[in-house]
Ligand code: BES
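Just one chain follows, in the form predicted alone, and it is written as structure tokens.
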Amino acid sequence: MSENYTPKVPGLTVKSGNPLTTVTDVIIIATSSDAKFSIVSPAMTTAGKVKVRRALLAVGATGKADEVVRIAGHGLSSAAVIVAVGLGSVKDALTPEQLRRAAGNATRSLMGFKKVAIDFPTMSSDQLCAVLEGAALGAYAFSDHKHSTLQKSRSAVSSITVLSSNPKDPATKTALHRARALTHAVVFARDAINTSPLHLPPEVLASRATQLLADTSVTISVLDEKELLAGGYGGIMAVGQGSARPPRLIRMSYQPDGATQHIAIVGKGITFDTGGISLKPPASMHEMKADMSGAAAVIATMRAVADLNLPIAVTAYAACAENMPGGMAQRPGDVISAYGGRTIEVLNTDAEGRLVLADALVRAAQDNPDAVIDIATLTGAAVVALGHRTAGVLGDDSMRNIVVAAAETAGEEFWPMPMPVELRAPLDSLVADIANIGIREGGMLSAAWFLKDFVAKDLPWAHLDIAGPAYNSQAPHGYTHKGGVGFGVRTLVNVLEDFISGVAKI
């Protein structure tokens, strides 16, 4: 792999025009199950709809939600292929997420085609942005490790045009700019997660972050293992000491002129997690390359924040280490000192993410933010509780509600979880200030209690456990492929925008 990295994102444009006469490889239109199947693409002429509807009915199209039907465009359009995407019933207003998923379903099926035009019913700038996002993310492909000429020739869609009646409207331009920023950020996160862990140790992840943010107003600094040791970052150092590839702490700062609010975000960046001495079962260990999804989301969010010129100060930390069972690895029973001095008894070396987050949370508080959010693939218990598509959010009630509301707008599934007070006592240690695990039951909730010990007193805080949706090992769906999802980026951006607009108040 090349040392130089740039996210590969389809070109996104918006223009007016009739989809059937637009010069493109593929035209994507929307269909509905209402009225015994109808075409609801607004830019298509009535005569064109009659012809295309007849052709689609001939191959059994129904317009039901998530249906994708492909027919030849010859004789119907200038495009070689017409793809009809079902929206189901459109009697009620379509949500941005419905449109986002529909667009993603279509482009995800179009490997090998280069240019795509989309004619969807977008009545608002939010809906337009959603279509652009879904189409771009559905067109995602990761081929960095493929050598086969055939595989590389089956490239993903490289150009996406959404047809609109108002392409020069300021709201349209804003939607286009936002979609470009968000998809660029999410693709970075997906690429990082999908990269072989051999090729992405902490040092390389830090290098990628530096490259991503090089042409922005974000300042970035990276602490290496010597600086971490000298600075007292005992959690990050303990987790990383079993690996020949040392840890890193990435600090990113965005400080726009006139900003009156300051949010800190912290991400877990375990570039590969064997479990350490408390070794994981081998069956799905290869997916533990995704244990840096929180760090990837935080880095990606900083790029989106800069691209969108958000008028809010943001300081971010990505705590990165590789958890290996080498001869220098930490042992169950070790007592370590986290940044700031609190001691931790390590009862299970596979509960390592909370150790690196402990250091980063204490450090983040020294920047005096108004609130802090951490994001991590923290516990298998989160997957047991919420499945593979829903993340848990814990912390202060106000911050938890802010995240849930922002996630709903973003189209990412979060569920508010409690923090029962009785789960704190089992974290008490006989020999240290706190143990890194408590009782097995309620593991996601117990982990949040551990983190809370390292959050500054009275600092509003939310903890996002994205262990389920960060990596999709199931079938692809909507704009989500198998592999890295880039989950949480859009929610974090929405949280920041809600603080700016005043929707979010602490």
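In this text the structure is predicted, and so the values were computed from the model without any measurement. In this text, residue numbers run from 1 along the sequence as written.
Another form exists, predicted together with the named molecule; not displayed. Remarks below refer to it.
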For this session: Answer yes if any heavy atom of residue 437 is within 4.5 Å of a heavy atom of the named molecule in the predicted complex; otherwise answer no.
Result: yes
For this session: Mark residue 273 yes when one of its heavy atoms lies within 4.5 Å of a heavy atom of the named molecule in the predicted complex, and no otherwise.
Result: yes
Exercise. Going by a heavy atom distance of 4.5 Å, is residue 190 a contact of the named molecule in the predicted complex?
Worked result: no
For this session: Report whether the minimum heavy atom distance between residue 288 and the named molecule in the predicted complex is within 4.5 Å.
Result: yes
Seminar exercise, completed: The one residue among 264, 378, 103, 300 placing a heavy atom within 4.5 Å of the named molecule in the predicted complex is 378
For this session: Could you spot which one of 350, 370, 433, 126 gets a heavy atom to within 4.5 Å of the named molecule in the predicted complex?
Result: 350
For this session: Specify the contacting stretch among 245-253, 280-288, 133-141, 226-234, defined as having any heavy atom within 4.5 Å of the named molecule in the predicted complex.
Result: 280-288
For this session: Residue by residue through 438-476, tell me which have a non-hydrogen atom within 4.5 angstroms of the named molecule in the predicted complex.
Result: 467
